[in-house]
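Here we start with a single chain on its own, the form predicted on its own, put down as structure tokens.
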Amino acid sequence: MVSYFVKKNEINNLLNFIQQAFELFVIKEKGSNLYWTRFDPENSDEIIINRHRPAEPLKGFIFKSKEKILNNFNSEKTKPSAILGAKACDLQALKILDYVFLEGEFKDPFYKKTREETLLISGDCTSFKDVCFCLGIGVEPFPKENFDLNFSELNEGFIITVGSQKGDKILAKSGIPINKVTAEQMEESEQRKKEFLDKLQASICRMALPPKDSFKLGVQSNFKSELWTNFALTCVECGGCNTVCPTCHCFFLVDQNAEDKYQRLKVWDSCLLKRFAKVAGGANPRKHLSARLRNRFVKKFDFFPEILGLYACTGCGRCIETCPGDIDLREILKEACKSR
């Protein structure tokens, strides 16, 4: 990968150029949360490129929460999306989504098209939330793949790393001044990363998480235990954990009438909802909430490691932050590994 140094006062010119061909989404702050919003050149000074991940996962831009897949009439052509500020945890999640929707005999044409068209501009994490535990799951907070351009912040500007031909063309055509990265700039970047990793690692240690290699066996060995029933006691079946999870990908199909015609929609589903496993005739192999909670963990920490060699969890902590029942994924993992 090739990296360049770009001064901070040139970034707005780059974003204005990108906006000509893309619907550009950036991160801003509201209260204690970061959120995605459309780029507004008049308020570009409010944009956050680094910091930590926003409240909503990146997956919503590529695997849409509600998508018309049949009889998509009266639809208007829109620009492809460009996402500024994606974080390593969300980029890691794309490995799971890509496997689900692009591998095997059938490739989802809607996901494939959006995935290929979307411009992903990531940024290093420079802060973290109390619920973040990416290092504990084996994910570093500095993007290494699945991006077109990545921003690493320095005092005077950014080191921009090119991750794809698409990113290389965007940077070249933008016309902004780019310079070779000096040894001093690289040293500053590495020092910043080391200081941040030390702080994040200290936070992970305070969580007292078991070694990541023990998660799979911990979940397997507790398949028939009361652990799932105990932790499900405060679950209100809202499905929030699935919605904010960057790797959750279950969906259902629904038909609806519109203008004397019908449309078929693909809509996000949630394994914590009571109807999730219900089949024709009313049978439900997972009618108990505890079984559905267990299913979430088996899928993330047993199924995907077995078939893909990856946990379907990136340590973003969004599910912990969102849960109204105060169910903490880290505590479940600790209990599972302790009682195996």
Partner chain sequence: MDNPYKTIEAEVIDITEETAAIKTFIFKPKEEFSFRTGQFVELAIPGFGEAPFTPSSNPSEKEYIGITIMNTGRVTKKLHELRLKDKVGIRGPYGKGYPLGEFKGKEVLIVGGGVGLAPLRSLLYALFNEIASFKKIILKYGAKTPKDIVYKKEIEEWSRSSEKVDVKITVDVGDETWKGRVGLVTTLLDNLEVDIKNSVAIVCGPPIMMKFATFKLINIGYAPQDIYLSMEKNMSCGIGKCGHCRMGKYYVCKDGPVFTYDKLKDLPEVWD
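Residue numbers count along the first chain shown, from 1. Keep in mind that this is a model prediction, so the values were computed, not measured.
There is also a form predicted in complex with the partner chain; it is not shown, and the following applies to it.
Although the partner is absent here, Glu226 is not a contact residue: none of its heavy atoms lies within 4.5 angstroms of the partner chain in the predicted bound form. At the 4.5 Å threshold, heavy atoms of Asp108 reach the partner chain in the predicted bound form. In the predicted bound form, the partner chain stays beyond 4.5 Å of every heavy atom belonging to Thr37. Contact annotation for Ile176: none of its heavy atoms lies within 4.5 Å of the partner chain in the predicted bound form. For the residues Arg51, Lys299, Lys64, Lys28, the 4.5 Å heavy atom test against the partner chain in the predicted bound form is passed only by Lys299. Listed residues Lys166, Arg264, Arg192, Lys212 were compared with the partner chain in the predicted bound form; Arg264 is the one with a heavy atom within 4.5 Å. The three residues Val2, Lys129 and Val131 each lack any heavy atom within 4.5 Å of the partner chain in the predicted bound form.
From the list 141-149, 180-188, 81-89, 243-251, the contact stretch for the partner chain in the predicted bound form under a 4.5 Å heavy atom rule is 243-251.
The partner is not shown here, but in the predicted bound form the stretch 295-329 reaches within 4.5 angstroms of the partner chain through a heavy atom at Asn295, Val298, Lys299, Phe303, Glu306, Ile307.
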